[in-house]
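Presented as structure tokens, the chain that follows is alone, the form predicted on its own.
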Amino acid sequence: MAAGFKTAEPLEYHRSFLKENCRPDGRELSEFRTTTLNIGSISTADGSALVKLGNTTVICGIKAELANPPVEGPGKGYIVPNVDLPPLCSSRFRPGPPGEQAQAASQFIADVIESSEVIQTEDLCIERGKLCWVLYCDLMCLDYDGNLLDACIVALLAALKNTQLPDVTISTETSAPEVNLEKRRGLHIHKHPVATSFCIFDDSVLIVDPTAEEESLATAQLAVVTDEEGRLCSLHKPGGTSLSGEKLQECISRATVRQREIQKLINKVLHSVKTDQ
């Protein structure tokens, strides 16, 4: 009977749970799904991480390449994020060029990288005006069940902390770059931004870490990005119903707590990886 009610009236089905301050999967309104993290999953990448947020699974691989610095910033390098939502992760996505959601997610991540200053692009410069690193950050969703942005930001941050760049010098005789693959160094991570996503039901009920079904029934969505200093790095609200200042403050407070939880998880996993080595 419950399965039939869920199929026929999904919104009413969810409302019956929300009235009791819980959700169909048994979580409280402000509770996240279990988050698991695996670092260094792709041996061919310079840095990688795999994140599971409930069923939502995202893998991030970082590949570093040498390039000429941009004309407008001769002392800087580049970071190029790209989110891929292949048909394999959900039947809602079609083969072909990136859809609207994938493009919006890539832009959101590019904005977070810039606003949070997770990495200073000056750190990627090898020789001013001549040579710099480009970090291609490819994020692929393997299983889509809502809250893509949170999973992508965790995967990106963990992969950046796992990235090891080879030592590069420019030959004085030939002016050509010489790469020493044996000698590698990690990136300097300046800030640790973490995203926390919310959905608003019936213009008033606020839930955290929505599933794909909850996202489809919500009247608005919101993603809040904060760093370890409690600084608000980014706020992403693509339309939907309005949100009171009080509710927004509640979201920011929850995001600050979540940031500490995720940073602790990343450090714990990195520590265990180093211990294993």
Partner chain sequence: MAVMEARCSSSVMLREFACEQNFLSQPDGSASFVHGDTSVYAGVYGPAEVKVSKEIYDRATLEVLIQPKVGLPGVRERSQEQCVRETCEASLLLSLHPRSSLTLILQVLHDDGSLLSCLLNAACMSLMDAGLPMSCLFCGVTCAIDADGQIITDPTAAQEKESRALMTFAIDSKKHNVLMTSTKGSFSVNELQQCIAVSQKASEKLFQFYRDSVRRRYSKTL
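Residue numbers count along the first chain shown, from 1. Fair warning: this is a prediction, and the values are worked out from it, not measured in the lab.
Below: the form predicted in complex with its partner chain, not depicted.
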property	result
Among the candidates 248, 37, 64, 217, the residue which, in the predicted bound form, approaches its partner chain to within 4.5 Å (heavy atoms)	248
Contact residue in the predicted bound form, from 123, 138, 111, 143 (heavy atom within 4.5 Å of its partner chain)	111
Site test, 48, 119 and 157 vs its partner chain in the predicted bound form, non-hydrogen atom cutoff 4.5 Å	no
Touches its partner chain in the predicted bound form: residue 42 (any heavy atom, 4.5 Å)	no
Touches its partner chain in the predicted bound form: residue 231 (any heavy atom, 4.5 Å)	yes
Close approach of residue 29 to its partner chain in the predicted bound form, 4.5 Å, heavy atom	no
Residue 52 within 4.5 Å of its partner chain in the predicted bound form, heavy atoms	no
Interface stretch in the predicted bound form with its partner chain - options 29-37, 53-61, 204-212, 239-247, non-hydrogen atom within 4.5 Å	239-247
